[in-house]
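There is one chain below, alone, in structure tokens, taken in the form predicted on its own.
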Amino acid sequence: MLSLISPLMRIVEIPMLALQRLLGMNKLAWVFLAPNLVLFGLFAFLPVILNFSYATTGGDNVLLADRPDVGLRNFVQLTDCTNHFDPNSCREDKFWRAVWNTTWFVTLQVGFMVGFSLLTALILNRDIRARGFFRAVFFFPVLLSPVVVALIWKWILQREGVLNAFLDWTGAGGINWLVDAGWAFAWSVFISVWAHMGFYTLILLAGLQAIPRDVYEAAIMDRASPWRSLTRITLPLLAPTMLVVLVLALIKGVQTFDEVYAFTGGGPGTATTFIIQYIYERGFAGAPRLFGLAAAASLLVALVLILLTLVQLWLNRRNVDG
């Protein structure tokens, strides 16, 4: 096998040596990065640039050449409200219902996600029986498709589902979980936490294992209580990892779409309609397809995410420096 590979590698070596002499060792790295940079530019930077173009044009035509320039009209339409806390007073009332639904969802989901992930990581970091098994169990939902997760829980929670069958058997009586707006929203938060908690648990577990054991041994010698070790050693040293988890969970929470859409379809009514679903319906599922309005909404979401991330990074740097 080596006898076949060696001549081939010598053939490849000739142009690479020539490039090395021409560009130098430092610039040669860009040759290897170029294919990835081209793909990243085509599928990441170019869509962002096109999004700006669509946000400032109107109509339902796909080609930019056929779309009239409307300036900031799409942004004005989205933000035109008498009272932003009352979606009924807004020109795009569904957009603001989606905004407030997303705000409440992210607040609850990220809070529970980070809290339970930290608690689970602390437990799994201890010397317990079958630790590897439990780590796999908590991570398993992350491997499932979001649509599969949604359909499994929809099967459990529908009126004739498994949970109601159990409640009927116990005499408690079934509940229309997916028809009641409050329950549908609460279950959407629960399912999202259940499906993604293992990913953040794994990150926090890696952060916990990176903390030197010598620090805990010194704390034991000083007769520090477990609570004091947690609050004075574990949490401060875990703060950078916690920031990563918080930023990732926040971005993922705002981008929630597929699980909830397959689970409730945004209902009942607009109780579980979130901002990404609004963008999808305006740009692709509705008639006419308002690409400009959808693009403007997506840019507003991106701006909010950038600002929130910068605030979190600033607060973290302030805590470290202070």
Partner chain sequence: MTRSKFAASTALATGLIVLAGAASAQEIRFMCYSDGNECEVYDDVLTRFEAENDGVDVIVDVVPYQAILENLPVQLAAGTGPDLAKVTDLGGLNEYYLDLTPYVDATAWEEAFGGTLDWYRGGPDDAGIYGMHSQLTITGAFVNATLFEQAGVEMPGEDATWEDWAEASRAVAEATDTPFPMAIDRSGHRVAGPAISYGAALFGEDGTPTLSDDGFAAFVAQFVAWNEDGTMARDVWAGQGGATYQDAAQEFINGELVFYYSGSWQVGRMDEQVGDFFDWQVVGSPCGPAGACSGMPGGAGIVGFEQTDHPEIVAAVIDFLAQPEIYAEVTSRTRNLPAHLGVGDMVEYQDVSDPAAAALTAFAADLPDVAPAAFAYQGYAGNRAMFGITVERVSQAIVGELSVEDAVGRMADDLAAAMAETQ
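Residue numbers count along the first chain shown, from 1. Since the model is a prediction, treat every value here as computed from it, not as a measurement.
The protein also exists as the form predicted together with its partner chain; that form is not presented, and the subsequent description refers to it.
Tell me, please, which stretch of 207-215, 224-232, 86-94, 104-112 lies within 4.5 angstroms of its partner chain in the model of the complex when heavy atoms are compared?
Within 4.5 Å of the partner lies stretch 86-94.
Quick check: do 186, 253 and 258 each get a heavy atom within 4.5 Å of its partner chain in the model of the complex?
Judged in the model of the complex, none of 186, 253 and 258 sits within 4.5 Å of its partner chain.
Residue-level contact is defined here as any heavy atom of the residue lying within 4.5 Å of its partner chain in the model of the complex; does residue 53 satisfy this criterion?
No, residue 53 sits far enough from its partner chain in the model of the complex that none of its heavy atoms falls within 4.5 Å.
Under a 4.5 Å heavy atom criterion, is residue 160 part of the interface with its partner chain in the model of the complex?
Judged by the heavy-atom cut-off of 4.5 Å, residue 160 is in contact with its partner chain in the model of the complex.
Determine whether any heavy atom of residue 179 comes within 4.5 Å of a heavy atom of its partner chain in the model of the complex, and answer yes or no.
So residue 179 counts as contacting its partner chain.
Using 4.5 Å between non-hydrogen atoms, is residue 28 touching its partner chain in the model of the complex?
Because no heavy atom of residue 28 falls inside 4.5 Å of its partner chain in the model of the complex, the answer is no.
Heavy atom within 4.5 Å of its partner chain in the model of the complex: which of 39, 49, 33, 285?
Checking each option against its partner chain in the model of the complex, the one that comes within 4.5 Å is 285.
Could you pull out the residues of 290-316 that have any heavy atom within 4.5 Å of its partner chain in the model of the complex?
Going through 290-316 in order - heavy atoms within 4.5 Å of its partner chain in the model of the complex - there is one hit, 290.
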